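Form predicted alone, single chain, as structure tokens, below.
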């Protein structure tokens, strides 16, 4: 029996999922919550095998909930159920160690398969999500190749866009602040932008973050 805890800000979605699994012997819904804050409170006394989680929710969204659970040392298996096939979301999920993502228009069989895979220690990102992510990564790499950024320069662009200071970047990459400044000037010249704002805009538009 796979025990599921559902977190979604729409009660109708929770009711729908509960209805789907009511006829599935190997899966049982043991609880639900309408946002991340409520989920944290309820998960103090619940131990699901898989957390079925939406991304966009009030008070605390899905990504924030995942990070908070990690801070608490909770190693839950997580399947994101979302209507948004957004490569930036997907990159965040992968970076946070989320095991899977299924779109809300998925069929019953796909959802059951995803839950089973994750419960057994696997990963499952639905084909549509993987295809969108691959297209985004290809476009990002194409942009990097066009302006001929080095691997180090890409790292620095990302850190600048994430608002790290020169000294923080230097410490993180084990290089001098002078070297960071030199890289930054070279990057600005390669991108043909006027300032750091243009550099940050490039990072966001090309999906570097």
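Between two forms, the rigid core is defined as the largest C-alpha subset superposing within 1.5 Å. All values derive from a computational prediction rather than experimental measurement. Residue numbers count along the first chain shown, from 1.
If you look for the form predicted in complex with the DNA, you will not find it shown, but the lines that follow are about it.
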Query raised in the report: So which of 172, 152, 41, 67 gets a non-hydrogen atom within 4.5 Å of the DNA in the model of the complex?
Result: 152
Query raised in the report: Is residue 22 close to the DNA in the model of the complex, meaning a heavy atom pair under 4.5 Å apart or at it?
Result: no
Query raised in the report: Would residue 56 count as touching the DNA in the model of the complex under a 4.5 Å heavy atom rule?
Result: no
Requested in this report: Using a 4.5 Å heavy atom cut-off, state whether residue 28 contacts the DNA in the model of the complex.
Outcome: no
Report task. Answer yes if any heavy atom of residue 201 is within 4.5 Å of a heavy atom of the DNA in the model of the complex; otherwise answer no. Result -> no
Query raised in the report: Of 168 to 188, which residues get within 4.5 Å of the DNA in the model of the complex if you count heavy atoms?
Result: 175, 176, 178, 179, 181, 182, 183, 184, 185, 188
Query raised in the report: Just checking, between the shown form and the other one and with the core aligned, does residue 16 shift 2 Å or more at the CA?
Result: no
